[in-house]
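First comes one chain, alone, set out as structure tokens in the form predicted on its own.
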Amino acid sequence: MSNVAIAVDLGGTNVRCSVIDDAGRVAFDARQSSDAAEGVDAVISRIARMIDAAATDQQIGASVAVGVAAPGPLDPQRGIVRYAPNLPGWDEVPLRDRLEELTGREILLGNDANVQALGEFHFGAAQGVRDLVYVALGTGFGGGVISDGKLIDGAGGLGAELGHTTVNIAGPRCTCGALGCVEAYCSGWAIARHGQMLAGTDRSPALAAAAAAGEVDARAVADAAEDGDAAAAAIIQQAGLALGAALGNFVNIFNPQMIVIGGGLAEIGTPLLEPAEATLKQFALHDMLDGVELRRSRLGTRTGLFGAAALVLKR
């Protein structure tokens, strides 16, 4: 079966494994908890067992390679995960070599957000597009860039850290240590942080109630905004404005044909994306903006899996 790939999407919470062919058909799909607290060796062994199970289920020979989407800064050439904030203990982990030893298969490794861009490019909303910016809005703010049909991953595989584009030099502190990154406004953790701060005041009865009932996360802020809480709505609008400013920068730098927005945070929908689109038009150069199309992801939670398959099928 030379026209199929085994695809793995490694996250801090779950590991997913699929078999996908070059037409984008999914023949096998499995999910397990990452159980990252068990340590690096346990997670890698779990991934290897899932790969073996997929191969057995679909009767796939050892010549079929595996694409792996992994979090954190990594070196795709050496197959090393440099570190992964959502995977405790992952520091200079030779993931490719370890998986090749355990499975006897060729392993191709890519950064999760970069790989998601490949998924949209080859199988999703951006098919037929040569120049693409993909933005992944989730717990963090990730993304990938494709220029003239080729993924831009930089000299050391660290390229396209789009979430650390500065949108306010006097803005809030980001997890990277800098001030005013777009991720510090438009990400699950940033919206949650702003919501938690607001919950301790008398400005948002809805978030105060959410805090009394449990943790205030991005979903709680979005729900409060949808229910008419003005202060919560202002947090979502601020996130959208920051997103739009960043998108304007991306248009000016990369001159894409299309921007695709995916990730769980994008499910907030209009309250987040409408101010983003309006602000994009204010910050992007007019000549570049005329040719840009803004779309939502068509692949949803499977974007990383399709991108991992593309590492093998479209190389």
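Note that residue numbering follows the sequence shown and begins at 1. Keep in mind the model is a prediction, meaning the values are calculated, not measured.
This next part talks about the form predicted together with another copy of the chain, which is not shown.
Chemist: Given that the partner is absent here, does T165 sit within 4.5 Å of another copy of the chain in the predicted bound form, heavy atoms only?
Modeler: Yes, T165 lies within 4.5 Å of another copy of the chain in the predicted bound form.
Chemist: State yes or no: in the predicted bound form, is some non-hydrogen atom of Q282 no more than 4.5 angstroms from a non-hydrogen atom of another copy of the chain?
Modeler: Output for Q282 is yes: heavy atoms within 4.5 Å of another copy of the chain.
Chemist: Report yes if any heavy atom of S45 sits within 4.5 Å of a heavy atom of another copy of the chain in the predicted bound form; otherwise report no.
Modeler: Heavy-atom contact with another copy of the chain at 4.5 Å: absent for S45.
Chemist: Would D41 show up as a contact with another copy of the chain in the predicted bound form if we use heavy atoms at 4.5 Å?
Modeler: Taking the distances in the predicted bound form, the answer for D41 is no, it never comes within 4.5 Å of another copy of the chain.
Chemist: To test your reading of this chain, name the stretch in 77-85, 188-196, 119-127, 209-217 whose heavy atoms come within 4.5 Å of another copy of the chain in the predicted bound form.
Modeler: Residues of 77-85 come within 4.5 Å of the partner.
Chemist: Between another copy of the chain and K150, G156 and E161, in the predicted bound form, does every residue show a non-hydrogen atom at 4.5 Å or closer?
Modeler: Each of the three qualifies.
Chemist: Output the sequence-ordered list of residues from 230-246 with at least one heavy atom within 4.5 Å of another copy of the chain in the predicted bound form.
Modeler: Stretch hits, in order: Q238, A245.
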